[in-house]
Structure formats: C-alpha cells, structure tokens
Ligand code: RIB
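One chain comes next, on its own, written out as structure tokens in the form predicted alone.
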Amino acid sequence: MTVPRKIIIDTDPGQDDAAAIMLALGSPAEVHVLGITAVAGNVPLALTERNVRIICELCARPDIKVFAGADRPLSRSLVTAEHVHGKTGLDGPELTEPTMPLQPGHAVDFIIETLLSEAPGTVTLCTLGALTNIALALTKAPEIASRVRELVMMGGGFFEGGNITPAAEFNIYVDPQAADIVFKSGIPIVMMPLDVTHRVLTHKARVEKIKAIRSPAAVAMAEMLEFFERFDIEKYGSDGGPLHDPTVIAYLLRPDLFKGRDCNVEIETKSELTMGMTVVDWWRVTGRNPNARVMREVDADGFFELLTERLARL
C-alpha cells in the first residue's frame, strides 16, 4: 500500500482553486493535505482565507488547518481578478459563511515549521496563486529549499502567451519578484502553464456530469464553473473556459495525463511591457541549466474523468 504524498496547498480561491482543493480532498489515498495557506491574488486575502474555509466545509473537512498569509505582493501593488471570479472569488452558488476557525499564526511560519519538522524530501508544495508566501518562506528560512520534495505550480505560459497581459499569466504577474525567488531556489519545480490549462475546457457536457453527482460539493462546483466560464467563453470564443488550478493536483494523482520537458525558466521583473513573463527556453538555445519541468500537453478527457470521479467521493 502506498503512503499518501504529504502536500501543502497555497492558494487564492478562485473557482478553479476550489476545484483543485476538492480534487485533493477527494483523493485521501494519494495525497495527505497537511494544511492550506491563503494568499492575496484573485481576490484580497480576507476573501481568499474565507473561501478556503468555505470549500473545506463543503467537502465536510473542517479539520483541515487553514492559515492566512501575505496580503500583498513583495514589492508591487496587489492586482486582483474580480472581473473573472466575481466579487467574492467564488461567485455562482449560494454559499454560507464558514464556521471553522482560521488557524493562529502566519502561513509563512506554518510552511517553514512544517518543512523543518517533516522528513526532508517528503512534503510537496502545490501553488495555485501568486508565489508570495513561498518566496517569503524561502527568504526567512533559506534552508527549507533543500527539504521540499517538489513544487507543483499553476503559472506562466509560453506558446499561449499571457492572460492578464499579452506576455504574462496572472499568477506570475501578481508577484513576479516572488516567482523569481522561487525559480532561482533550486527546488524541483513542475510548471502547469496556460499551454496546458487552455486545453482542459469546461465543456457543457463535462459540467453536467459534475452536476449530476448531486452532492453539495459537486453542485456548488458546477454552479461555480457555470459562472466562471462565462468570462472565458466571451474572451476565447470556446465551449467552456479553461480549468487552470486542478491540473496541479491531477499531476500528483495521474502524472501520465501530462507531457512536457525540462527547461530553463526565467521571470521578467524589469520591463513593464513584459512584466511577469515566464521566459521558457523550450528549444534549449540559451545554454542555461533547466530549473523546471514545463508541461505542454494533457489528456483533457482523462483529466475530467479523474476530477468527476473524485468529486463523487466527497
């Protein structure tokens, strides 16, 4: 019997973050969620930490430890995405205020203490938002870098360009300085860029299968997706919007669903024109050493089968 992989989820929910958290909580045999840390991003921190607790309660997991982290990027003003996610970040269903408590202490301290107390190479960081909390932890305690098993992240883009500017994907753009610290840290990184996430679209038939589960979590998720996808349908002219963040958890559960290669990735932090761009050396022309495994392909049908099956377990 395999031991579940220990993970910390760092997130800024966001409907697609909610789907990622639900996928993890629906997969206890494979992943053990040590805690969930909230960061400002899609909406301000007061909403992201609230939204994490709402999702945990929807999944009947009020035992999950939830910590609030950074309320702003390292050195830039906070950029949010209410135009995509709605004013709460989880617009769509009718949701009740959470009753489970926020943990005392700061997310950054929880990340550091957990990595120092667990055996080296056993904890995976799953980042679904801006990398501010991780960068702060690395700055405060650089020795944690060598203890991280892997950091699997949703962020960046290359062949697909950006989604908040022509060059930058939202999570990296919110805090490029933090991303720069993380990519230079030596932690083994797996990157789920827009090149992958734009292939997993919430087609109507896929959302209907989720709704048909009829559990509170699944119905709420279907209603979130119906709200969330309206922005991308209008923007991209597609049947459904891309479901970005659950690709991170899906990779832990079914790495065979994805294909990519090891690349050097540098983060643009100087130019306002291309601020937050992930400069991926896909064709290996720079001679710089790879620092991330960059995914480019995904089995979209397999991904949605996995998501639907695990939502049915909640």
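Every value quoted in this text rests on a predicted model; they were computed, and no experiment measured them. Quick note: we count residues from 1 along the sequence shown, nothing fancier.
Another form exists, predicted together with this ligand; not displayed. Remarks below refer to it.
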query: If you check in the predicted complex, is Asn42 within 4.5 Å of this ligand, heavy atoms only?
result: yes
field: Contact label in the predicted complex: Ile134 to this ligand, heavy atom within 4.5 Å
entry: no
query: So in the predicted complex, does Asn163 come within 4.5 Å of this ligand, heavy atom to heavy atom?
result: yes
Any non-hydrogen atom of Asn171 within 4.5 angstroms of this ligand in the predicted complex: yes
- request: Using a 4.5 Å heavy atom cut-off, indicate which stretch of 268-276, 45-53, 242-250, 64-72 touches this ligand in the predicted complex.
  value: 242-250
field: Contact set, 3-42 vs this ligand in the predicted complex - heavy atom within 4.5 angstroms
entry: Asp12, Asp16, Asp17, Asn42
